[in-house]
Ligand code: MF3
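Quick heads-up: it's one chain on its own, the form predicted on its own, in structure tokens.
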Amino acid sequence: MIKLKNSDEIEKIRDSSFILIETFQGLKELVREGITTRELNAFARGFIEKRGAKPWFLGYLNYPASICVSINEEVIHGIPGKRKLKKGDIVSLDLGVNLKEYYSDAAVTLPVGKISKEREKLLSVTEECLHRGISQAVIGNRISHISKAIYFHAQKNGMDVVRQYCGHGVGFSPHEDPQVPNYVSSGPNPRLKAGMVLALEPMINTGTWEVKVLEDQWTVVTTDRKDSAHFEHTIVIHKDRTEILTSLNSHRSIFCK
């Protein structure tokens, strides 16, 4: 069942999102050659807890860390550890905040120093896919409008879209209805309404769309070991606009007509 949020509830999700934004701003400053993924995780957990919130990934379905750190061919759910970032890597950071039982969720893929032209294009196209999806998240459209915008932009640029994982509702819990596929699906296709809060998150691969889970039972990688990127925003659909709650460009939310 899709749970619509009222203005007071949206404000509380916005507060959760502000903490997430600030955490990402700190993480972006730390991403550099030589830092371990464990250090990124420690920073995120400490920062969120100091703000009086919780990193909701920690313990969710027994996940052992506060953030997901996925490098190069790793798509999502990479577990932080001793691995050090190397110059030329691309690293996806996925993070969720629980502030007094109001949830926000976002992800960004960052370059580690100078990266190849191919990786630059992957990051650019994936972020463009996210914003094309957001542009279709307006009252009167359906979930499929978001899916098509993401899928066809990836295909146009010679890339493919992960099928096994998708966007979702968020706010009262980490994952809510509706699911938001990043490809054209035959599944449920509800119409978008004011009060819907969604986490849109295209995962785009330079090679095949097919992925598999490693032996740690969490880390998802591309089956051909080609690169993948992941961008995500929590958004809310208002009567007259769509608001991005988790914009990383500033500490204030951005409004999209």
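One-based numbering along the sequence shown. Owing to the predicted nature of the structure, the values given are computational and were not obtained by experimental measurement.
The same protein also exists as the form predicted in complex with this ligand; that form is not shown, yet it is the one meant from here on.
> Residue-level question: is residue 77 within 4.5 Å of this ligand in the predicted complex, judged on heavy atoms?
Residue 77 belongs to the contact set for this ligand.
> Is residue 57 close enough to this ligand in the predicted complex to count, meaning some heavy atom within 4.5 Å?
So residue 57 counts as contacting this ligand.
> Are any of the heavy atoms in residue 232 no more than 4.5 Å from a heavy atom of this ligand in the predicted complex?
So residue 232 counts as contacting this ligand.
> Can you work out whether residue 168 and this ligand are in contact in the predicted complex, taking contact to mean some heavy atom pair no more than 4.5 Å apart?
Judged by the heavy-atom cut-off of 4.5 Å, residue 168 is in contact with this ligand in the predicted complex.
> For the spot marked by 94, 175 and 201, is every residue within 4.5 Å of this ligand in the predicted complex through some heavy atom?
Yes, each of 94, 175 and 201 comes within 4.5 Å of this ligand in the predicted complex.
> Heavy atoms within 4.5 Å of this ligand in the predicted complex: which stretch among 24-32, 205-213, 61-69, 46-54?
Looking at the other structure, the answer is 61-69.
> Going through 98-131 from first to last, which residues have a non-hydrogen atom within 4.5 Å of this ligand in the predicted complex?
Residue within 4.5 Å: 105, and no other.
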